[in-house]
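The chain below stands alone and is given in structure tokens; this is the form predicted on its own.
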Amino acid sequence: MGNMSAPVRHMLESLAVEVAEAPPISRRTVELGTLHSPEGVCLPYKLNMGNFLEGLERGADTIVTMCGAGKCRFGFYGAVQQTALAKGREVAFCSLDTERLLPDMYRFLRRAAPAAGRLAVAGSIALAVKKLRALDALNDAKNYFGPRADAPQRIIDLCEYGAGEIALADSFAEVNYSRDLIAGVMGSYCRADAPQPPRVALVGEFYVLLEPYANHWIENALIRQGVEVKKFVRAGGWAYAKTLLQTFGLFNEEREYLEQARPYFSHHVGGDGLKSVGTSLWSARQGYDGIIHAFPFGCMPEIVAQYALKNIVADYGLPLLTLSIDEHASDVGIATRLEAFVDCIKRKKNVT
């Protein structure tokens, strides 16, 4: 899922766990996952199934996944996928509950790496979370500097290079060094007198926003068109909140976004629906120029959130682009809609 796999792989390998990583998502992944999934299930389920099957082809004998997202069907996906994958195969299946992520992850790593000590396991988890947060920072820098640079693609390439460096870092100091170095180089390509570009808030479902293949590289497409992107779903921020803050009672996602979403939303509807509304309202109040709402086709929490989003953009006079994505969506179709949306924003701001 995006850049998440590299730090997780490095964490497992640092504990001497052999990893059979699935290849990057491709058209074959989509077709394989769709073939072995119920027709009406959402795109993330199908892509995960494709990942699992391609990982098994590479020799994996254990699959690790996550489950649990309140009222979202994601809470049942692990059990359903385990049943489907068990037909005719010898495969172990481990589901980590997102509400008990730190203890579940710790127990799994202790079983997978019995020779590793407790401190080594705890340290590997902490370093993985640190890397994910550094990747968040790098992505934020790309989204800020990209539309202000003469060659946005250079910023995008730098971000990819920096992500590889951070993934291979062996200490907190190395992570900080790579993050600061790459972000600094990005800034050096930014024009000091660059005008404020149009700002767009990117909200929606967790998986679709984090996996570039699933969202058809929305962020990079917007950067190339001179648009600053603010994405509210971030892998590192989520992992930090779910492992450390939530474990010690320092974070409650529902309480935080419920306050932010009022008066347009007053209930948690599962998944990221509440967060989509809360962050959209925050963006409208902060003067953003448009909102893009991306989610898998048929995603119940995001469909419920959509009604509140329509009221928010109507009250604040903002353009809203809704992208409901399934396996039939094409790069060309998404790119065409993005170009029309950006053109609408720029006309409204009188910029070219």
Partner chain sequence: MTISVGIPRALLFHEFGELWQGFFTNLGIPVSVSAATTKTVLDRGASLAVDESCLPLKLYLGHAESLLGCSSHLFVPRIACYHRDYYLCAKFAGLPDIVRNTFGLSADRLIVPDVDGRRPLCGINAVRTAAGAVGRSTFAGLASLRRALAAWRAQSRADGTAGAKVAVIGHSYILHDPLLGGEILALLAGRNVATATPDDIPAGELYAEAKKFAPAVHWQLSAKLAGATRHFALRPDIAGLVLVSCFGCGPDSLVNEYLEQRVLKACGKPYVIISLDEHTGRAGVATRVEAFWDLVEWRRRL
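Computed from a predicted structure; not experimentally measured. Numbering follows the first chain given and starts at 1.
One more form of this protein should be noted, the form predicted together with its partner chain, which is absent from this view; the next part is about it.
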is_contact(Ser283, its partner chain) in the predicted bound form, heavy atom dist at most 4.5 Å: no
Taking its partner chain as it sits in the predicted bound form, is Phe232 in contact with it (heavy atom to heavy atom, 4.5 Å or less)? no
Taking its partner chain as it sits in the predicted bound form, is Arg110 near enough to touch it, meaning that at least one heavy atom pair lies within 4.5 angstroms? no
I'd like to know whether Gly33 contacts its partner chain in the predicted bound form, with contact meaning heavy atoms within 4.5 angstroms. no
Looking at heavy atoms inside 4.5 Å, which stretch does its partner chain contact in the predicted bound form, given the options 300-308, 25-33, 283-291, 51-59? 300-308
Tell me, which of Gln196, Ser266, Ser171, Ser188 has a heavy atom within 4.5 angstroms of its partner chain in the predicted bound form? Ser266
Work out which of Glu211, Glu254, Asp140, Asp97 lies within 4.5 Å of its partner chain in the predicted bound form, going by heavy atoms. Glu254
Could you pull out the residues of 75-93 that have any heavy atom within 4.5 Å of its partner chain in the predicted bound form? Gly75, Phe76, Tyr77, Ala79, Val80, Thr83, Lys87
